[in-house]
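Here you get one chain, nothing else, as structure tokens; it is the form predicted alone.
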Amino acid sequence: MLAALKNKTTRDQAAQFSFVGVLIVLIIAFAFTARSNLEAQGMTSGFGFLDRATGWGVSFSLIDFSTSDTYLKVIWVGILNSLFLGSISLVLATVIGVAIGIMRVSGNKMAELIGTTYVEIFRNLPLLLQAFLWYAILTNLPRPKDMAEASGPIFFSGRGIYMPGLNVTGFSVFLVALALVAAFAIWLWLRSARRFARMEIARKKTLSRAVWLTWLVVAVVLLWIGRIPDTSLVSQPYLRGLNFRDGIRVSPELMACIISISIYGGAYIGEIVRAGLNSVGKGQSEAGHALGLSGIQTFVYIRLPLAIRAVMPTLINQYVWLFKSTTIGIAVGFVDFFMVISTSINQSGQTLELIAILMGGFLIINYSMAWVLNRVNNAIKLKGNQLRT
């Protein structure tokens, strides 16, 4: 025994087992204490409540939902809404961020000033404050009954933005958006992965066209399956009485979340892209010019791809962080995952179970997103001093 204790490896292992053992005991004690307290208050524990009807509705859902549906379904509604909000916001934040990053290193004084001002304003204001600002602006737009003279395909009102759209279910649109993200990831992989570096350019272009053609076919099929029966394919909004009819309505709550997250995230992504562009050595651009490429061609085909590959790990971290920011929806009344869980806690009293579902849901979503993007990063990442040679 004494000989074993004198061995450092044995002592380290004993300390680790002791730590894990204490941790397990604490968790078990916490579970029994919580259970006894719940029983003392006449509250039941477990996940049986998921099969009960909620008795309350939601203002926005990508799938059909009524007050007679279960807690399990309303949680699924919240998850889909958060994924819907996150997918739109992350794409827009990326577009804004790339544009701001390019402006910051363009060499044009006016563009650099605009980019710097944008970053300094929106990066330093709290996201919650920006969500309140955009929500206040959107809800103070003219009311539909005051827009009798308005014309055009799109109407901006205090009840939301009305625009032409297809008579299809929101869930089918969500699946089309997911397919678009998958097609973009495959296209980026084909374009940048080392395993395709020696592939003929003509064949690579053919594969890229095949990817986008496949996405187009899948999108058409999904939209056709999701078409709402007994309606025209295209729905055009029109004013009737005190409100607009038909068309697609984007609620002020959803639009405020999209705008605030996109603008806020765009400021951070802009700085990441700027850092990536500055990290590309001048020799890379000089080599492009020596090959006869124009300034724009050198930027598009050499500098920007290298910058994106260099900052991909930082972008992945930013995307995970931005998706978690979709929880601001509860502040302006958008039915996201966090708001559904909060309402369910108030209505059912199953606090610990619902918080566990919330944590598990975000863990699975963010881990899955990071896993996919990390696979893309492993395929396109730079090695050694590729940025400098």
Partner chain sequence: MTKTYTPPSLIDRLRADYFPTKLNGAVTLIFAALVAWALWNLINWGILHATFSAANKENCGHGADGACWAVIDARWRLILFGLYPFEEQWRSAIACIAIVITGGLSCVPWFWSGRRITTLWLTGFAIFFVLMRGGMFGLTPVFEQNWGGLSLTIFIFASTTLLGMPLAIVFALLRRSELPWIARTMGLIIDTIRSLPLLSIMFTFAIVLPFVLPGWMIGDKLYRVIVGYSLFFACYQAEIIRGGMQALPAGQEEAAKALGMGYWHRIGYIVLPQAFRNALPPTINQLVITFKETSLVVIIGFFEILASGNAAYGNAEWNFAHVEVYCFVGFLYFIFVFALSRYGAHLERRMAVAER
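From a predicted model like this one, the values you see are computed outputs, not experimental measurements. In this text, the rigid core denotes the largest set of C-alpha atoms whose superposition between the two forms falls within 1.5 Å. Residue numbers count along the first chain shown, from 1.
Another form, the form predicted in complex with its partner chain, is not on view; read the next lines as being about it.
Only one of 201-209, 127-135, 84-92, 252-260 lies within 4.5 Å of its partner chain in the predicted complex by heavy atoms, and it is 127-135. For a residue to qualify, one of its non-hydrogen atoms must sit within 4.5 Å of its partner chain in the predicted complex; all three of Q41, M110 and I328 qualify.
Contact between F49 and its partner chain in the predicted complex is not found at the 4.5 Å heavy atom cutoff. Within 4.5 Å of some heavy atom of its partner chain in the predicted complex lies at least one heavy atom of I121. With a 4.5 Å cutoff on heavy atoms, V335 does not count as touching its partner chain in the predicted complex; it lies far away. Although the partner is absent here, T67 lies well away from its partner chain in the predicted complex, with no heavy atom inside 4.5 Å. The listed set Y162, Y71, Y268, Y319 contains one residue whose heavy atoms approach its partner chain in the predicted complex to within 4.5 Å, identified as Y268. Contact residues in stretch 15-47 (any heavy atom within 4.5 Å of its partner chain, taken in the predicted complex) are A15, Q16, F19, V20, L23, F30, T33, A34, N37, L38, Q41, M43.
Relative to the superposed rigid core, W371 undergoes a CA displacement smaller than 2 Å between the shown form and the other one.
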